[in-house]
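Only one chain comes next, encoded as structure tokens, the form predicted alone.
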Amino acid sequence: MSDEQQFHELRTQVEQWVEGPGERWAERIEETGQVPEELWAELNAQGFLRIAAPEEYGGRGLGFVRWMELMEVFSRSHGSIRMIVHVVNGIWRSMDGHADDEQRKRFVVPSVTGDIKIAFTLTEPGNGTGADITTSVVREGDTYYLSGRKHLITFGVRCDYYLLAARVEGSTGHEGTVALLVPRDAPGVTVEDTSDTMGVRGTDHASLAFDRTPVPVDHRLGAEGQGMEVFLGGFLTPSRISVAMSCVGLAQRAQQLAVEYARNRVTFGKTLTQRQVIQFMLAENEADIEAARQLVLHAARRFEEGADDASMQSSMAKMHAVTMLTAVTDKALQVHGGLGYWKSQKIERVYRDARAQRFEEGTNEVQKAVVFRELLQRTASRTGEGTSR
């Protein structure tokens, strides 16, 4: 069987699951506000949580561009289902580049096989999500003692470890930053469940406090000073592309629901699809979705190739896809008229879930700052000028 045939079969498997069991899970999540462990187990049993990981780690070994094609399909499902698949299929990548052989056996491979859950733990309540972090560690012998706060941490309640960014006390900027794997049940860890969100219901989020929490030094990935490399390079670039593709998938779902509704809704003797204003809205949506899809796939190819503009491309893709998703879901809801505002309509959940994409992996304002910085550097390198202004 060719690689193309194998991928076609895998895509068909994902589509059938999303349209069947995935929809039933979505209804259950919305009813209960919970994502049960049975759903995690089912996703793992289907092999959906290790599609992008290397075969030697127990994964499927699918290339990044192909993986993004599947992410679009998964993103037509419930936001929490998409979140699980997105994070688990990506967090191994963040660790792998800086892990030693022992850490791969203890953390990376078990995260791929589903034996442990690891939560990406960067954002702080009083800072941004970069080198301004203040959560700090003091080293005493072979142990770091961790103190500080984190919030908006996805899977922060149910995880086994936090992949956490901190800095050696007294350091500034990137210097002294560390990436640590902190056990969820370590002494001095306080977890507050903050899962009551507008959309993406059921994905547990947490606020965390650490009070001299002991973390073995051998739980550090890379060297001191490389913490931001683990987070910004190892995870955020591909993750932004993945979130951008999730915008495409969710927009496609909104468009599907709008077309179905417009075909069946009759006003004054005509279906909505016979009315030009609705035709134009749906045509604009289709063009906007396709434009975003192609930009995201281009960014995915640049990342897969190891291109030096991959970070810039990821931010452009995420920025554009979020803007597209906002417009598409707004029009899709409008097609439904007043009925779209009711929870009985699937578009209502899609509309709420879409709002979360506007801050996941950085707001559009952050993406614009990244793109402009890269643009200025590239312009300066071509003209031979400095970048300081």
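Residues carry their position along the shown sequence, with the first being 1. Everything quoted here is computed from the prediction, not taken from an experiment.
Only in words, not in the display: the form predicted in complex with a small molecule, which the text now covers.
Proximity to the small molecule in the predicted complex holds for all of 122, 152 and 205, with the criterion being a heavy atom within 4.5 Å.
In summary, the region of this chain contacting the small molecule in the predicted complex, judged by heavy atoms within 4.5 Å and restricted to 65-73, 48-56, 326-334, 355-363, corresponds to 355-363. Checked against the small molecule in the predicted complex, the candidates 180, 272, 146, 83 yield a single residue with a heavy atom inside 4.5 Å, and that residue is 83.
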